[in-house]
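In structure tokens, one chain follows: the form predicted on its own.
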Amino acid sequence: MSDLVRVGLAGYGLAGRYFHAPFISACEGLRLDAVFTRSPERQAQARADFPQVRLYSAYEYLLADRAIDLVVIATPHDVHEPMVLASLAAGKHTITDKIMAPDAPSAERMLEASHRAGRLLSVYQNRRWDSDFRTMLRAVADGLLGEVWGVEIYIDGHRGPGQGWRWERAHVGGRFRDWGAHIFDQALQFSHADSAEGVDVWADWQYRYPQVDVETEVVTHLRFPTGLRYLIHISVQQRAERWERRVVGSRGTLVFYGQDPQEEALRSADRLIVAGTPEACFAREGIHFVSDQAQAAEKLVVVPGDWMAYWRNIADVLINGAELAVKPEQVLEALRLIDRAAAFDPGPT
């Protein structure tokens, strides 16, 4: 491939407009050439944001565009598989937003199609480059926590019942899969587990909003073969909001409060300017570290977030043949863990 990858973006809602387009347009080696959306309002938004792009009102037209090298899919979860399969069949390298697929068998079909087409397939697991996740990896590597016994993650708040596809089971809505796609992927990366095999999974599901058919709270316990334990608490029914990540080790406990600052930067009016810049990747705040080691807090290195790293890798893979950072096989293993947690789901009553 040449030194420029021409990108077509499918979907210009929250994910496409705020989490994909700014990075694609700012990443060296990538160029946003076209956008597909059926919504006239979103077409107007895309035109205002990127006057140079070609706009398509049908996905087939985007896939028929011979100038497009890479298709990025930012649409509701339930249509990821057919759109990925169509993109690969059209000979396009393909990225899909998380959650990759509704379940592991769907993801397996995507991998098979990628192998047949001989085209790149990746998943936008940008939160591998969150500041808190990168900082906890660095703290463990530096030996500040000793032996790591457990990780606790709380993504709790009060919202809904709402409207739109994220509140509909048929579209694979619900906060568990939306955030779980990130957290289960991070758990496998943090534990250095190559697969979901041997991981014990238990989950408790609640449905407290009868107006919608998606879960309102899921508590999941993972136990890895090494003994590492993960507690994942995801809720929309908690009136006291709690965004917290806690890493417990034999020599200390590291706690992060609040969300990664990159998201707030991208939701600002300057998202097309700040994406991937130091202003958007500043170091994480809201950190509490307790240790039995003298001056341990002074040794803690707070690593800035860097979602642009995902896109830099994609450009490097397609232009220079570098190794892919987010491999679909890795994401498939995270989906297998999610499927095991979903086996405890009684469904709405």
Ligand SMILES: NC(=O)c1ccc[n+]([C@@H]2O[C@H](COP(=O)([O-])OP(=O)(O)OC[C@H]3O[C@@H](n4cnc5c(N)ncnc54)[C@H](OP(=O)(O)O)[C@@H]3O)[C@@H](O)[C@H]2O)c1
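Predicted, not measured: the structure shown is a model, and the values here were computed from it. One-based numbering along the sequence shown.
Omitted from view is the form predicted in complex with the ligand, to which the following refers.
Q: Exactly one residue in L332, A341, V326, A15 has a non-hydrogen atom within 4.5 Å of the ligand in the predicted complex; which is it?
A: The residue in contact is A15.
Q: Pick from F256, F176, F184, Y124: which has a non-hydrogen atom within 4.5 Å of the ligand in the predicted complex?
A: It is Y124 that has a heavy atom within 4.5 Å of the partner.
Q: With the partner left out here, if you bring back the ligand in the predicted complex, are T37, V79 and W165 all within 4.5 Å of it by some heavy atom?
A: Spot residues vs the ligand: full contact, yes.
Q: Heavy atoms within 4.5 Å of the ligand in the predicted complex: which of the stretches 111 to 119, 70 to 78, 203 to 211, 228 to 236 has them?
A: Stretch with heavy atoms near the partner: 70 to 78.
Q: Spell out, yes or no, whether the shortest heavy atom distance between R312 and the ligand in the predicted complex is within 4.5 Å.
A: Looking in the predicted complex, residue contacts with the ligand do not include R312, since no heavy atom lies within 4.5 Å.
Q: Going by a heavy atom distance of 4.5 Å, is D97 a contact of the ligand in the predicted complex?
A: Within the cut-off, so yes.
Q: My question is simply whether M83 lines the interface with the ligand in the predicted complex - judged by any non-hydrogen atom within 4.5 Å.
A: Residue-level check for M83: yes, a contact with the ligand.
Q: Applying a 4.5 Å heavy atom distance criterion, does P22 contact the ligand in the predicted complex?
A: No, P22 sits far enough from the ligand in the predicted complex that none of its heavy atoms falls within 4.5 Å.
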